[in-house]
Structures are given as C-alpha cells and as structure tokens.
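Only one chain is included here, represented as structure tokens and corresponding to the form predicted on its own.
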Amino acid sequence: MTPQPILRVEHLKAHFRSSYFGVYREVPAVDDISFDVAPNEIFGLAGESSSGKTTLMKTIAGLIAPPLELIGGKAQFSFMPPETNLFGADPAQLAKIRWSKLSYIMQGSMNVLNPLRQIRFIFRDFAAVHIGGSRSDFETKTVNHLSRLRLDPSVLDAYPHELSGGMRQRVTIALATICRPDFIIADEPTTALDVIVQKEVLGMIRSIQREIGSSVLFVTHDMGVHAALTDKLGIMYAGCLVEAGPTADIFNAPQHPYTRHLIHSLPRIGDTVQRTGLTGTPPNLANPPSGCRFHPRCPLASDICRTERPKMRQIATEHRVACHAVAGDQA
C-alpha cells in the first residue's frame, strides 16, 4: 500500500507580474507543476539557473510576495487541514507550523543568521517557543543537538561572522532540524562550500534526516549531489517539470533530452571523451517559445514540439516524462 504523501503539489502556477511606466510583464516562473513527496523521502529538484527552482520552493513554503503571485493549483501538506495551502493560512497558523512542522535551509547561511546576535540567541528566536521548557532545559537540548552536527558548545557564544562558512552552514542545518520538523526545504545549501566541506554537510543532512524521519525537498543544480543524496528527482526547465522519478532510474535511463545532457555533463574518472554542450541559451520566460520550451535547443525537436506542449506521462513505475519523442507521439 502506497503511503499518503506528506506533500502533494498539483498543477501549481506562480507568475511574476509587474506594470511600470505603462509596460506590463508577466513571467510564468512556475508553470503547471505536479509531484508528490513521500514520508521519510528526499526529493531533489535539478535544473539550470533561472529554471524556477527557488521560486517553486518559495511558492510551496507560502513565501509569496509581490511581484510573485499564485495563479492556480495547490501545494498540500499532510499536517495541514484538508484543502489548505500555506499561502492561504492565517499568520497565527503559520507561526505554529514554521520550524515545528516545516523548516527551511536557505541558500547562504547569512540569509538566516542575524549578524548582530550570538548563535545562542538566534536559536532562542527560532526554536524556544516550539520546544518550550525552561531556559536551561532549552540550552541543554541545543547543545546536544549541536553535538550531532559536530559543533562545539562554544559556538553558541559566537557571532555568525566569527564562524567559517562550513560551520555557519551546519548551524543553519541545526536550526532547521532542532524542532524535528516533518518537512524540510533545502534550497542549494551547499552552493558556496568547497568540495570537502560540501561532502561533510551532505552527510550530516542525510544523517539528521534519517534520525528524525523528516522528508526533504532538496534543490541544487549539481547532479552529482542528487546522485549521492536524493531518493527521487525532478528535472526543471524554464519553469516546467520535464522529468521525475526515482533518482537511480533517471541516472541509469534518462528519458528527456535535457536530462540526458545534464547527466552526460558529469565528469567520470578515466573518461577522456570530449563532451559537447547544449547549443543556445534558456528562453526568456517573459516571452517563452510555443510548444515545448526546450525545442529550440533540442536535437530531437520536430513540428509537434514547436506547436504543442507535451504532457507529463508515466513511462515506468513512478517515472514520468514530458516529451513528444519519448511519449511516442512521433517516430
């Protein structure tokens, strides 16, 4: 029996809308995206910069502010009342859910850590109201939690700028997990780290996730990170989801031409074959191409690709792809 997903995203649409000096612009940054995240699962999202990954995360988390607007669809968490989205919840309900049920590891630790407050007080600001108990009990729990991430208690007396980049990132992971939330959104948490520290941080995310049993929505453009960390993977291109399925299936048998290029770009030990990059550039979403948005760069593009947008179709168990060639609409 398939467990009920902890997150179900259905036909989600979010556009940037602006009107200045008589010029109206609308950018479909998240355009009709659907996927599920199961309990105790790490679901990855990959794609080039400006493919819409971060905007999708903000929409799911309810962090919508002008010029970004929700156009349609829903993102339903199992810990929310039925038919309730985070972007429709009142502030009091959001305050109870954030950090206790849903937490966010942002891109860049300094987007979270207040440079004017010691780490001790940052933990109090984020988590004390959810954990409760006396101040000494809370501090003991904080110290014990930091030890899981190999951080010394002296970190609590430091200001963010006194810590290295790797230590700050571990502090943000500790902040996101100390309340043992059901769901964690991680938006490129290792982008600014060197390879050695990155490996250490990824191992800690996986270890903590297994310990507390959370589900994780993990966003990065690094396909090597997805291969090492995620259970399932979604590929985004120009605001659309073009392929999704178990990570092992996607790496072993990528179906969408864009996915194949992403995976084949990974370096391999002993492989001396010269790789060719994709021609062209990602489209301007203020004026996206008709039909499949990837068709101007696709080696398999045909007439139907230029006129009709492909639908997501299941090609194997839990493996879906949006491509006319793969779906069999053309020879």
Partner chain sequence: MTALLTLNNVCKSFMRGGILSRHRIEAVKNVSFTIENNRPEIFAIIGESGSGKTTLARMILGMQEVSGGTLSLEGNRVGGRTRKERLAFMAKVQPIFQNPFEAFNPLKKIDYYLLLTAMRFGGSADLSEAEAAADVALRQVGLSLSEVRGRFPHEMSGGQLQRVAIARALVSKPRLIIADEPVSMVDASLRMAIVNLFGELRDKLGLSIIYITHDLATAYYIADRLIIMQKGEVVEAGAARAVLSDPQHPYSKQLRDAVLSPQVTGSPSIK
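The structure displayed is predicted, hence computed values, not measured ones. Residue numbers count along the first chain shown, from 1.
There is another form of the same protein, the form predicted in complex with the partner chain; it is not shown, and what comes next is about it.
- Query: Check 195, 227 and 251: does every one of them have a heavy atom within 4.5 Å of the partner chain in the predicted bound form?
  - Reply: Per the other structure, all of 195, 227 and 251 touch the partner chain.
Within 4.5 Å, heavy atoms only: does residue 63 come near the partner chain in the predicted bound form? Result no; residue 63 lies far from the partner chain in the predicted bound form.
Contact test in the predicted bound form: residue 299 vs the partner chain, heavy atoms, 4.5 Å:
Residue-level check for residue 299: no, no contact with the partner chain.
Original post:
Going by a heavy atom distance of 4.5 Å, is residue 220 a contact of the partner chain in the predicted bound form?
Top reply: Although the partner chain is absent here, residue 220 would stay clear of it in the predicted bound form, with no heavy atoms inside 4.5 Å.
_Can you tell me whether residue 214 touches the partner chain? I mean in the predicted bound form, with a 4.5 angstroms heavy atom cut-off._
Because no heavy atom of residue 214 falls inside 4.5 Å of the partner chain in the predicted bound form, the answer is no.
### Message
Can you work out which of 130, 260, 117, 206 has a heavy atom no more than 4.5 Å from the partner chain in the predicted bound form?
### Response
Checked against the cut-off, the match is 206.
| query | Though the partner chain is not shown, can you say which of 304, 266, 70, 38 has a heavy atom within 4.5 Å of it in the predicted bound form? | reply | Of the candidates 304, 266, 70, 38, 266 is the one lying within 4.5 Å of the partner chain in the predicted bound form.
- Query: Any idea which of 119-127, 195-203, 137-145, 174-182 reaches within 4.5 Å of the partner chain in the predicted bound form, heavy atoms considered?
  - Reply: Every other range fails; the passing one is 195-203.
_Contacts with the partner chain in the predicted bound form, stretch 264-293 (heavy atom within 4.5 Å)_ = In sequence order, 265, 266, 267, 268, 269, 270, 271, 272, 273, 274, 275, 276, 277, 278, 280, 281, 282 come within 4.5 Å of the partner.
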